[in-house]
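Take a look at this single chain, the form predicted alone, given in structure tokens.
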């Protein structure tokens, strides 16, 4: 694009996002909370520029390419990637309310080159070798562990030979600030204004309500013990734990702890609040799947020596992985 066309495209994106957010706010919609990520045009521009640096500028042939925004949430990042020159971008997310909302605003504004799809049963609903690139940005820290390996495997399946996975996340455990932030989140969500012995956090209380719904005859102490034992469970897993307790009187053990650095799941929908994402471990998993990888500490993919990378991982939570399918 010329500079003038680039500026016009960026302005169109700002206008579209402002209109979407205005609709959500007028309807007092739950997704209006997401608008806090885009308080003004400068914030929209910053995020568009971020995707330009991290993806569009780094991938030869990005203009006219086909890609997948995996973990797209409400689809604004998908819109940026399409706006930056991709021919077609698929926004995929495992959480149906996100996809419903993304599909709704896409239809309202009749935007071309976008398609939003639900990832059900850990499968990306795209054909083998159908994408030139996949972006996974700030997703794995909010995904429970069982989906990560499947997501990487599916990413490799849908990429063309030589296709690229652009990955970033912000819960690098080599940085002390990450661990402190996750411990605080655990205390807020599980312990709340109570104590480790008598927790009163919103996730803990929500789990108690679910357990009571599954078995109204449970005593208070039994319900509390079950809530402590199902700390990293959700939905049907909690229901199964209650059923097993009825039969065996054996409590599950999901290790409720005062000092946990892995935030528990939302018991209603299984979404994590902030899991650890170790860059070395993830890069190893990608290599085992047949990717060539390198880890960076900035979205412009500046290479680092191993000692420099290790040093920077101790001071910054956010990291990037560039992975090419062999």
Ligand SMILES: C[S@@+](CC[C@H](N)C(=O)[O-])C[C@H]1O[C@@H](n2cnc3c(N)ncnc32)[C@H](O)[C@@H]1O
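Keep in mind that this is a model prediction, so the values were computed, not measured. Residue numbers count along the first chain shown, from 1.
Not pictured, yet referred to below: the form predicted in complex with this ligand.
Chemist: Would you say all of 189, 214 and 227 touch this ligand in the predicted bound form, counting a heavy atom within 4.5 Å as a touch?
Modeler: No, the candidate spot makes no contact with this ligand.
Chemist: Among 108 to 116, 180 to 188, 68 to 76, 193 to 201, mark the stretch whose residues have heavy atoms within 4.5 Å of this ligand in the predicted bound form.
Modeler: Residues of 68 to 76 come within 4.5 Å of the partner.
Chemist: Considering 143, 241, 223, 126, which brings a non-hydrogen atom within 4.5 Å of this ligand in the predicted bound form?
Modeler: Looking at the other structure, the residue within range turns out to be 143.
Chemist: Counting non-hydrogen atoms within 4.5 angstroms of this ligand in the predicted bound form, say which of 206, 130, 138, 103 makes the cut.
Modeler: When this ligand is considered in the predicted bound form, the option within 4.5 Å is 138.
Chemist: With the partner left out of view, is residue 291 within 4.5 angstroms of this ligand in the predicted bound form by any non-hydrogen atom?
Modeler: Contact with this ligand, no.
Chemist: With the partner left out of view, is residue 91 within 4.5 angstroms of this ligand in the predicted bound form by any non-hydrogen atom?
Modeler: It does not: once this ligand is placed as it appears in the predicted bound form, residue 91 has no heavy atom within 4.5 Å of it.
Chemist: Considering only heavy atoms, tell me if residue 151 and this ligand come within 4.5 Å of each other in the predicted bound form.
Modeler: Residue 151: yes, in contact with this ligand in the predicted bound form.
Chemist: Contact with this ligand in the predicted bound form for residue 34, defined as at least one heavy atom pair within 4.5 Å: yes or no?
Modeler: Within the cut-off, so yes.
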